[in-house]
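The chain below stands alone and is given in structure tokens; this is the form predicted on its own.
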Amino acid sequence: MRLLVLIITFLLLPSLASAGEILISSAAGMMEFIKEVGKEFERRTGKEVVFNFSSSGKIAKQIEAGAPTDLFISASKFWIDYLKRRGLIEKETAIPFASTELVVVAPKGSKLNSLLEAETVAVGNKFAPVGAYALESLKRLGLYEKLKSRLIYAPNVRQITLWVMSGNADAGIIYYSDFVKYRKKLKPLKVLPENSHSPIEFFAACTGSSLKECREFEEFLKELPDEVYEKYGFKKVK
């Protein structure tokens, strides 16, 4: 039995980032941006980048459960602090590097003109920062009580976007950076006021595994020109 466990463990090892690699677990809302940056990092350094995308909360829980990760990219400082308190990331490596806004969207061609006209509104669930920001904004704007019975909850911003584009939700609240990716299939209804929610900043932090490569990637993020961020609907945090 012990031999079987050892064999299974050995077979699982290739899924972990090896020497000279960096395993990045990132919020789904950063997928296209991080993939492009990762490819450029590989080209310049010769070090392979391995990706894992999900909601920030799910990734944080995965890390807490022992899942391998070198660099964690979160759409919320909350999950960075969550892992800090558990001693699972290197505190001095936690940095904000990008920001974006919230936008209310409907399917392209929709006749909706406001969020209140929607019968179903897709937002993120409790593990997805996009949901926390959306609910915070709705409450501050006095819209939550009017809409709470119409809300449907998605595990991440990507699912919200897909539901809206497919017509499974009349409207949704997503990051502006996600709207930019799918602007040909979405109708923007409103950019929610920045003062209606906490600042939407994406954070990077190293877990302590492959620390040299992780810090190197963080420096690479800092050195990217503003235009790379703007291409994907983000603003560079300086």
Partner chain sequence: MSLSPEVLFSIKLSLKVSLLATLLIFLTGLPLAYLLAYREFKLKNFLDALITLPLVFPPVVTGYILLLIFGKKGLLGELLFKLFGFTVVFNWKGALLASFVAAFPIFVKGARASLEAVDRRLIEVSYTLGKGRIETFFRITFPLAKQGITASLILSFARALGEFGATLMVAGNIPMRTNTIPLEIYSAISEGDFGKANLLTALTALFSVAVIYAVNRLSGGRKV
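Predicted model, so just to flag it, every value in this text is computed and none were measured. C-alpha atoms forming the largest set that superposes within 1.5 Å between two forms make up the rigid core. Positions refer to the first chain, counted from 1.
The form predicted in complex with its partner chain is left out here; the points below concern that form.
The partner is absent here; in the predicted bound form, the one residue of 163, 144, 78, 97 having a heavy atom within 4.5 Å of its partner chain is 163.
Listed residues 49, 200, 205, 169 were compared with its partner chain in the predicted bound form; 169 is the one with a heavy atom within 4.5 Å. The stretch among 80-88, 119-127, 97-105, 133-141 whose residues place heavy atoms within 4.5 Å of its partner chain in the predicted bound form is 119-127. Using a 4.5 Å cutoff between non-hydrogen atoms, residue 152 counts as a contact of its partner chain in the predicted bound form.
Contact annotation for residue 159: at least one heavy atom lies within 4.5 Å of its partner chain in the predicted bound form. The two forms, fitted on the rigid core, differ between the shown form and the other one by less than 2 Å at the CA of residue 27. After superposing the rigid core, the Cα of residue 187 is displaced by 2 Å or more between the shown form and the other one.
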